[in-house]
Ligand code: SAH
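Next up: a single chain in structure tokens, the form predicted on its own.
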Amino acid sequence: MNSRDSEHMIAQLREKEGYTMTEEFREADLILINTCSVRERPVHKLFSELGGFNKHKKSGAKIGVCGCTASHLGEEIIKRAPYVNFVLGARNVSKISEVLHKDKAVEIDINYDESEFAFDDFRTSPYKAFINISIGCDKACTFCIVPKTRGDEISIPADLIIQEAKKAVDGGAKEIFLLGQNVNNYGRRFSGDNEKVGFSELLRRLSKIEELKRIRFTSPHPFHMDDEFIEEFARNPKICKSMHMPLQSGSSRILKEMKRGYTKEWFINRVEKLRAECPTVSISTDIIVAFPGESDEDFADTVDVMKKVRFDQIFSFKYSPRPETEAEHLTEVDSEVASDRLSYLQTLNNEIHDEINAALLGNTYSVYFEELIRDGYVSGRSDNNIVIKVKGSEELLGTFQDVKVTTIGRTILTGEILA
């Protein structure tokens, strides 16, 4: 989502203000830092980065801080770093031209409605397109700062999404990536008198775009994974068979404390339904270790879900208290215990991941190539999100090739193109 926000700002600056990109920040007339605030560490990193840019930027260059940290710190950023020229919140991306010409501007209205704003077009990759389908979040997870930085959830009208997808496909993209805090809650609220369309129907409409070959999305919320959604996912051939299901905790008690809206049993039931309908699906997840009050028994429940589900990929972190959240003032789990739990979880994940990958040797996948990497390789992804590289050059970019896996790695597999 931050990547797409950055693309939107670049597009506006190119088309409305005449800016071009540079790889060398010392040459830049404008430096933008687009920030995340889901965890504490990026916030600390921001001010270190700002200091470095200010020290070495050319005379007269402007610095802008954008994104979620901008939303929740606002004027404090300029107080701590007075050389910053403007602050632009995550819900105010369309105001980039406005703040650029107003020194010390702070635009951080989290309920500003950008759902029908027509951004100019810019994409970092010609082969795939990120497309926002909703902004904001209506959930109240006790650990999460996102509703305080991105505001209430509002869906982007379906016809605008389809227009954007068609434009991307006309420009050469064969894959689109739909973005939203809870994508499968799409359609809950629109601005103005727009047609009420749900997520499954949106997927059906997008799949009718003839030259569009693949549809991906993130992140669906387990609470909204009803049978219709799972069945559309399984049966629609254009939807990639890769599902990100944020677990957060395997303990029903902790899930209740987190206000996630589902139980351990519901999550496992949805996984079982998903795999029954779509046996080739790969499943990834997010897990927070050591949420306040997490006992050994609660952690054991998380481990149990890990062993039952056998995720293809996990993103796991120790709990990080965030300002203005319900959990901010709760007593944290001992730091050493938290570290031990995280280490155990990640070791278990590596063992599971290695076993899953070992079984892929010799398999053949249709790979969509989209990136040149070092040592003369080109990489791409299978339908179910396996990253595979082959020897090759840029003529492979943007093409689908049948690839046989010849070498197993933990994060990327190596293969050869079948004649």
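Numbers follow the displayed sequence, beginning with 1. Note that the structure is predicted; figures quoted are calculated from it, not measured.
Beyond what is shown, the protein has a form predicted in complex with S-adenosyl-L-homocysteine; the following relates to that form.
Taking non-hydrogen atoms only, residue 271 never approaches S-adenosyl-L-homocysteine to within 4.5 angstroms in the predicted bound form. S-adenosyl-L-homocysteine is not shown here, but in the predicted bound form it comes within 4.5 Å of a heavy atom of residue 288. The shortest heavy atom separation between residue 322 and S-adenosyl-L-homocysteine in the predicted bound form is within 4.5 Å. By the criterion of a heavy atom within 4.5 Å, residue 260 is counted among the residues contacting S-adenosyl-L-homocysteine in the predicted bound form. Taking a 4.5 Å heavy atom cutoff to S-adenosyl-L-homocysteine in the predicted bound form, the contact residue among 39, 353, 62, 45 is 39.
The contact with S-adenosyl-L-homocysteine in the predicted bound form, taken as any heavy atom within 4.5 Å, belongs to 143 out of 143, 86, 217, 233. The candidate stretches are 209-217, 104-112, 313-321, 86-94, and the one lying within 4.5 Å of S-adenosyl-L-homocysteine in the predicted bound form by heavy atoms is 313-321. Residues of 223-254 that come within 4.5 Å of S-adenosyl-L-homocysteine in the predicted bound form, judged by any heavy atom, are 246, 248 in sequence order.
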